[in-house]
Structures are given as C-alpha cells and as structure tokens.
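As structure tokens, one chain now follows by itself in the form predicted on its own.
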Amino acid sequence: MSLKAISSKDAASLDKDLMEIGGWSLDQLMELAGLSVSQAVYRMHPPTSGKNILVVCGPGNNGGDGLVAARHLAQYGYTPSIYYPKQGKNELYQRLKTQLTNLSVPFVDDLPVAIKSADFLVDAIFGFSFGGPLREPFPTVISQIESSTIPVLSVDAPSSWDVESGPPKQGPGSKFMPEALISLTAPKPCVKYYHGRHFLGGRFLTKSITDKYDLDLPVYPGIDQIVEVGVSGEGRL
C-alpha cells in the first residue's frame, strides 16, 4: 500500500473545497474527525484495558476533534476527562463543551495529576496548521506528555511537530514519539519521521476531491471510519 502525503497548504485548501463546493459544514467535518479518533482509541485500547482516557485539547480545530472524540468515548463506556488549558472561544466549541458537561465528563486543571490517573492519552493539541514556536502553556504541557509513560494517540500530527519537517531539533517535543498517530483525510509530510502505529480517518471524500489532490487512499473495511496503515522509512504508507 502506498499513500501520498498532503501538504498543509493543500490540506487547508481541501477543507475549504469540502465546505465551499462539497456542501460540508465545519461541524460535520469535526464530528467525523472526532468519531475517527474515538474508533482509533477503541482499536488500540479497548475499555477492558482501562477506561480512564485523558484528552488534551488545544484551542483550534484539532482540540475540537478531541472534544468530539471524548463524547464518543463516553458513549462507548470509557471515563474520559478533558484538559483544555486554552479554550476555543467560538460558539461551536462552547456547544461541544456543553455536550460533554451534559454527559458529566470533567474538565480537569492539574495535568500531572490527571496523567497519573489516566490509562491512555489523546493528544489533540495542534494539527496540520501548526508552525511554531510553542507558546505557554504548551511547552510545559507537551513536556509533561512527552515524559509520561502512558500510551498516547496523536491527532493528525504529534503536537510540537512541524507538519513538513517533523519533530523540533531540541526542546519540548524533540523526543516526542507517540505510540499511535491518526492522520485525518490524508497523511501529512511529517509522517516520514514517525515510527509507531498509524491510522487513517476520513471516510467521506468524493472521487472529485481525491482526484483533484491526487490522493491514493485505501478502502475502509466494513463500517469502520478508520483503517490502519504502515509507514516506511521514506514516509510512504
């Protein structure tokens, strides 16, 4: 299987096409992304392996994907909690927070304590649009995740990584290699620096979109929203 990575510029353009031409709303895309993330968690870490899932969210759409994933995880029977140090302000994020509050999903303030009690962590801090540098509180947050011993699933890109050039050469995130990565829609170039389990989520693209961006995506099995793919040293999947 050989999958093409998509640049951050093309990923942003693809999202724009989906909304302006394809008829998709941001809410729908975020819902499908978060559903894919939740299925990857279930595949890696079923509830019998430990139900305490810590979802660490950033202020943008990647964080929104994490909020959606947490809602699905709560419905699957997990006990998710959210660390959301710099919260998105728009109405969409507020509604996602309300949905979680209605499910009694807690928002926690002490990350080190939350990590100690978690069985699994979802890194939904930064996605394909991240270009650095890190600003507080995120250098501290990423250092705490990086030094933890629990398994981590990163959403779209390991947080702190440049979408093109991969992990930073030094400082927070330079040694961050999560156990799993879920690429949304298509892999990003930084995947060539990644070593671990790799999932793809994005079972909604039309042929016109895949043709326009020259994507060679796999067939999703059954009713799954994710497919697991391998990564070679050259970043081809």
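Source: prediction; values computed, not measured. Residues carry their position along the shown sequence, with the first being 1.
Note that the form predicted together with a further copy of the same chain isn't included here; everything after this is about it.
Contact with a further copy of the same chain in the predicted bound form, defined as a heavy atom within 4.5 Å, is made by none of H45, T149 and A180. Contact annotation: of the candidates L134, A114, V105, L92, the single residue with a non-hydrogen atom within 4.5 angstroms of a further copy of the same chain in the predicted bound form is L92. Among residues of the shown chain, Q28 is one whose heavy atoms approach a further copy of the same chain to within 4.5 Å in the predicted bound form. At a distance threshold of 4.5 angstroms between non-hydrogen atoms, S49 is out of contact with a further copy of the same chain in the predicted bound form. Interface membership of L96, defined by any non-hydrogen atom within 4.5 Å of a further copy of the same chain in the predicted bound form, is confirmed. Interface residue remark: Q75 is counted as part of the site for a further copy of the same chain in the predicted bound form, having a heavy atom within 4.5 Å. The partner is not drawn, yet in the predicted bound form one stretch among 67 to 75, 140 to 148, 126 to 134, 155 to 163 has residues with heavy atoms inside 4.5 Å of a further copy of the same chain: 67 to 75. In sequence order, E31, L32, L35, Q39, Y42 are the residues of 29 to 67 having a heavy atom within 4.5 Å of a further copy of the same chain in the predicted bound form; the partner itself is omitted from this view.
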